[in-house]
Ligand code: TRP
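Consider the single chain below, provided in structure tokens and representing the form predicted on its own.
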Amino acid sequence: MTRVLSCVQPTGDVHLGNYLGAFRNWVSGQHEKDVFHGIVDLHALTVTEVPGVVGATTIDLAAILFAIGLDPDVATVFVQSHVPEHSQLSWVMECTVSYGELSRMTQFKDKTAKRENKFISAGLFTYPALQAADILLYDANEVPVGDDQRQHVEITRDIAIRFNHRFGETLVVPEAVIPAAGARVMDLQNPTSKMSKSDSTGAGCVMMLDDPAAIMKKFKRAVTDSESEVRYDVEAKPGVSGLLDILAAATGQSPQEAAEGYTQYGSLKVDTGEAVVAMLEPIQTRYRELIDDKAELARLLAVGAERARTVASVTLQRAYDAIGLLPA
């Protein structure tokens, strides 16, 4: 069976765009392939400067992932720092990738530019080595990525090929794949931009744990246009089209089907908000059950960590043996 690895950083609340655009596909895909989903808390250390934050966001994210329907008996859901092989193989990867390759990484350039005159962690530079370890530990055949992460899979492939050339065929060379198309979820206040938690006001971003009143308020205030015709036209009517995309995703229709029968924007906004509230209600209920039972969450993550370590430890030992490190 094809093995797939997808990871997510615990660096903030999950919003509707994360769910409809990616996480919902994780749930449907868990029965089709052998899936590993890592909460990569060690990566979050590149921007973490105060204690207690990463652990709290990690447990929140874990509760969300299980609440949306990831089955711990089917999908391997684990926390990166619970699997020490990630850090161990990361050093091997750092010694296999070149300074020049790391210095050409677009994300490093972008992130350091944004943090000008601020502390810049060396981890931002060596980040791709740890990410390569994340992928290669699990003999992943496929890594679903967007365009912004494709370069990271490419450097992982280069590292794996170089390692295999030096020490013999040891590591599975992964393929970057375009994930199944998720819903197009745009900011409710700026409908030409994707929904993002970095939105300064929060008015255009629907969070997964927003209460129903807050969700309805955001949809009722969604930006549309000065016309009144409800039709799906991304170029001419981005605000209306964004609402139709969300309504369609929440109700299992196409955006064109969702547009039928509407003659005014007000009812479209209300119906879309109500559809989202109904979709999120069972997820929020399950989230509250889990977050109130930390012991159960810890048990579920321990199950994932044990399963992940079963695979990761074999790969790490295979790499050590290929290099010829002295056995303990």
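One rule holds for the numbers: they count along the sequence shown, beginning at 1. Keep in mind the model is a prediction, meaning the values are calculated, not measured.
From this point on, the text means the form predicted together with tryptophan (TRP), which you will not see here.
**Q** Could you work out which of Leu188, Val143, Leu247, Leu137 is the residue within 4.5 angstroms of tryptophan (TRP) in the predicted bound form, going by heavy atoms?
**A** When tryptophan (TRP) is considered in the predicted bound form, the option within 4.5 Å is Val143.
**Q** Please pick, from Ser87, Ser103, Asn164, Gln149, the one residue with any non-hydrogen atom lying within 4.5 angstroms of tryptophan (TRP) in the predicted bound form.
**A** If I apply the 4.5 Å criterion carefully, the residue I get is Gln149.
**Q** Gln131: heavy atom within 4.5 Å of tryptophan (TRP) in the predicted bound form?
**A** Contact check for Gln131: yes, within 4.5 Å of tryptophan (TRP) in the predicted bound form.
**Q** Classify Tyr127 as contacting or not contacting tryptophan (TRP) in the predicted bound form by the rule of any non-hydrogen atom within 4.5 angstroms, answering yes or no.
**A** Flag for Tyr127 set to yes.
**Q** Does Asn25 make contact with tryptophan (TRP) in the predicted bound form, using a 4.5 Å heavy atom cut-off?
**A** Close contact is absent here: in the predicted bound form, Asn25 is far from tryptophan (TRP), nothing within 4.5 Å, heavy atoms only.
**Q** Does Gln9 reach tryptophan (TRP) in the predicted bound form, with heavy atoms at most 4.5 Å apart?
**A** Residue-level check for Gln9: yes, a contact with tryptophan (TRP).
**Q** Sort through 39-47, 294-302, 62-70, 275-283 and report the only stretch with a non-hydrogen atom within 4.5 Å of tryptophan (TRP) in the predicted bound form.
**A** That would be 39-47.
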